[in-house]
Each structure stands twice: as structure tokens, then as C-alpha cells.
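As a starting point, one isolated chain is supplied in C-alpha cells, in the form predicted on its own.
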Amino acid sequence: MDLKRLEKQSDYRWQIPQSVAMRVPGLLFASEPLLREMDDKVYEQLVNVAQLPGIVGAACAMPDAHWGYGFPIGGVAAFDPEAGGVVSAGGVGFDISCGVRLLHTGLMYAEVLAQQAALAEALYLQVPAGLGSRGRLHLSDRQMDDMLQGGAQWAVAQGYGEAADLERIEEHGCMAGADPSQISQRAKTRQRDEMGTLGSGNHYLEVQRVVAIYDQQAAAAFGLFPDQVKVSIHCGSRGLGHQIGTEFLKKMAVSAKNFGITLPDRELACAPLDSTLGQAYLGAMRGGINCALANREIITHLTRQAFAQLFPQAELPLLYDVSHNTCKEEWHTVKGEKRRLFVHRKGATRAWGPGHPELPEDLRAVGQPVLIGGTMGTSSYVLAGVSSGDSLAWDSACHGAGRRMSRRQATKQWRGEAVIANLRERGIIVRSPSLRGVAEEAPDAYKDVTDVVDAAEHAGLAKRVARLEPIICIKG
């Protein structure tokens, strides 16, 4: 990216000046090296997002931002329904409510290392992964609608997961306002056999070792200590979310002119929040959120079963589950006034600071866990939200490292067999049904996650708590 087009506000905060066409400026939270590495499309897409009706504050990009569909991945924008604000399917993304959850195991690294290969095999056999993977559940029409309305709460009621998990999930495991009637039969059919599956792409199930602590108080509150073993699950709403996004993007693009909306980019198709179409999308999207929450809850149940085969004494309570492809109705302070906004976070994580009333009581003093995923051979991080995040980027932070090259480029540079062998030499076991998928997700195809986390912390979006490294990775 050409830095000459930006105004430097600090070493980790850069502004795109507001042009005549823009309703607000653009803001990028990144170090200079990360900015230089970003493609120019991020700049162009932020400028376009800043032109949408009812946008408030600024169009924001996180340190891991890269080109996406309409919105950049790592994009954050808030819209006021009282000012003609819109909802954009491209501002949520196709994998609705894709997110990360982190489980404790109560086990130490040496215990797991002794059973590493056996545990990898048990997890691989227990949790379906890969493009088009199918689970053991087959949902009837009634069960599908119940799941779309109930989310993780539905999963727990069906015997998948534990009631205690719900206190550690966004929205207590169920997003209110879901409307299954707004979700097409095609979307439901795609999802009927996919509950409890990882899918493909950058999704994974990782067994990880805590290798560093940066904030003792927050780490103690989160239950993180050196050499402990944790499990990280990264996936979303699978085929259902993709189908919802595809269908509503078409409807929004066709209807834009009827709403008097001039789109700077067709991929930014949107609808007024108070319109029939806008409300229909919100109802469908919330069903997609519930699908993702239920999916991760079922995978958690399957993970616990796999661990029980080798470690019957182990318990796997949930630390936290947070999504990074959503549009949420939230209250935020704008120029000293509380306003009801609809915050789009695409490839960006909600990051509530200390004292937020919706956080579990035992986490409230230190802030929300922010889970930053790596990819197979790279570190993952646990951060904590900070109070200043509200005024900066609507209580948001990054969600991962962000790609530095396309999947196609990655497959030209790496072979799946070689990636797996290289990681095995480093003590990391990778199991995947797709060697091509492994090549696409080669660690070096991503930015340095440590640089991204460092930028997020210096920008005041969140603070580092702990670093984890993979032992086992189940990839789609």
C-alpha cells in the first residue's frame, strides 16, 4: 500500500482523509511494515465502505486486513438505523459467524506428548473435516428450524455439550432474532448433514501448548499457565452461511436502486436496516450465527469424546467462544452520546474491555478473551479487550494473521506432503483429508501473526495475555 495516501496519526494508526464522496474517513490500525505489505485493494475497499449510507465514525481496518468481497477482511463499520444506516451481506461475509473457541484440558504438555499420535488419530476419526464433509447428524426440517433458532442452546439440549458452556459463548450461545423462514430451503439442505463438521479452508481443530504468558492477572483469570494443553476450534456456519450470503447479496444488488442507494462497488450490495429486505437478511444472518454456534458446540462434544478415549480423567471446560463474521446490534458512545448501532465485523473480533456487564462475572475485571488463530505451524494468541477499544473501532480487534498470498499462489509454492513433513520435524502432527488444502494453508502463506498481534496491542485494540503453539492440527 502507498503510505503517501495516508495521514499518520500514530505509529499504529493511519487515516484515509475524507473525500467528497466519503461520509466518514477511513482508519487503519497497523504498523508501517504491515501497511506496506497490504494490497491496495484494502485502501480502495475502505474508501468504498466509507460511502455507504448511515455509516458512523470511520470505516476501519484491523492489522490483519486484506482484500475481501466488498468489505476488506479485517474490516469494521458501524451503521445507525436512525440515520438511514444499512446492512451489507458483504460486510458480514459468506462464512457467517465463523469464530474461534478455546477449551481447557487440565493436561500438561508431557502427558499429551506421550499420546500425541494416538490423540491425533482419535480426533481425526471423531471430527469430520474437509470440503463437503458430512457429520453423523441428519436434521429433519423441524430440527433444522429449532437449531437455527436455538444455536448452542439447542445443541446442549440435544446432549451435545454442557450447560456450563453457554455462559462462555457470545449471546449465551443463542442469537436472538433469528428467523428460519428467511433462510431458503437450498441453504437448509446444504446444512442438513454438515453439523459437527470443520469444513475446509483455514478452519481447524488444534491441540495447543501454552508457551508464554504476558499478563499474569488476565492469564490467571482465563486459567492459562505455561505448559498447559488447550484445544482451539475454528469454524463457522458451513454451507448454510455461504448460501445465505450468496442469495442476499443478489437480492441487495438488484434492490439497491429502489432504495435510492448508489453503490461504489456492486460487491457492497446492501439494504436499509429498517427495510423489509434488511430485516429479512438480519433474521437469516442471525440464524446463520446460531448455526455456527451450534456447530462449534457439537464439535466440542466430539472433541471431548476423543480425549476421553485416551485421557478419561480429563475435563474440557470452555474458556470462551467468539465470532468474527457478524453484524451485531450494539450500543456505543458516539461524541459522548449512547447510540444504537449495527456493527459489521468481517474477519474482526469483538473485544469488550474490563467491566462490560455482559461478560461472565469472573472475567469482567480483566476484559473479554480475544482469540487469535494461527495456521498449523504458527503461534496462536489469547488477548484481552481493553476499555479504549470502543472509541477506536467499536470494541473490535483482529482475528488472525491474515493472508499474504492467495491460495492459488500457495499451491504453486508448496506441496502438501512437504508441509506436513516439515511440521512433523518440528513436533507438530497434521491430519487432513486434502493435501491441496494443506498447501493452500501453508504457514508462510500468512502474515506473521506476532507482528499482527503486536500492532493490535500498540494500537490500543487489545492486550496480549498468552501465546500458544500447536501440537496437533486437524485441517479440512
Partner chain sequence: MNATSAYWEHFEHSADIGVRGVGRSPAEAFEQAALALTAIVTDPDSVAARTRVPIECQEADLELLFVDWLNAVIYEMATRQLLFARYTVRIDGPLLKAEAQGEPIELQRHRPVVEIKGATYTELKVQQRPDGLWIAQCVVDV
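Positions refer to the first chain, counted from 1. Just so it is clear, the structure is predicted and the values come from calculations on it, not from any experiment.
What comes next is about the form predicted together with the partner chain, which does not appear here.
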Assert contact_stretch over 327-335, 144-152, 90-98, 277-285 against the partner chain in the predicted bound form, heavy atom within 4.5 Å, equals 90-98
Find out whether any non-hydrogen atom of residue 134 is located within 4.5 angstroms of the partner chain in the predicted bound form, and reply yes or no.
yes
Open item on the list: So, residue 345 and the partner chain: in the predicted bound form, are they within 4.5 Å at any heavy atom pair?
Closed with: no
task = Find out whether any non-hydrogen atom of residue 228 is located within 4.5 angstroms of the partner chain in the predicted bound form, and reply yes or no.
result = no
Query - in the predicted bound form, residue 200 touching the partner chain (heavy atom, 4.5 Å) - result: yes
Of 157, 117, 83, 405, the only residue with a heavy atom within 4.5 Å of the partner chain in the predicted bound form is 405
The one residue among 450, 434, 422, 413 placing a heavy atom within 4.5 Å of the partner chain in the predicted bound form is 434
message = Counting heavy atoms only and using a 4.5 Å cut-off, do 172, 290 and 352 all touch the partner chain in the predicted bound form?
response = no
Looking in the predicted bound form, the residues of 176-209 with a heavy atom no more than 4.5 Å from the partner chain, listed in order, are 186, 189, 190, 192, 194, 199, 200, 201, 203
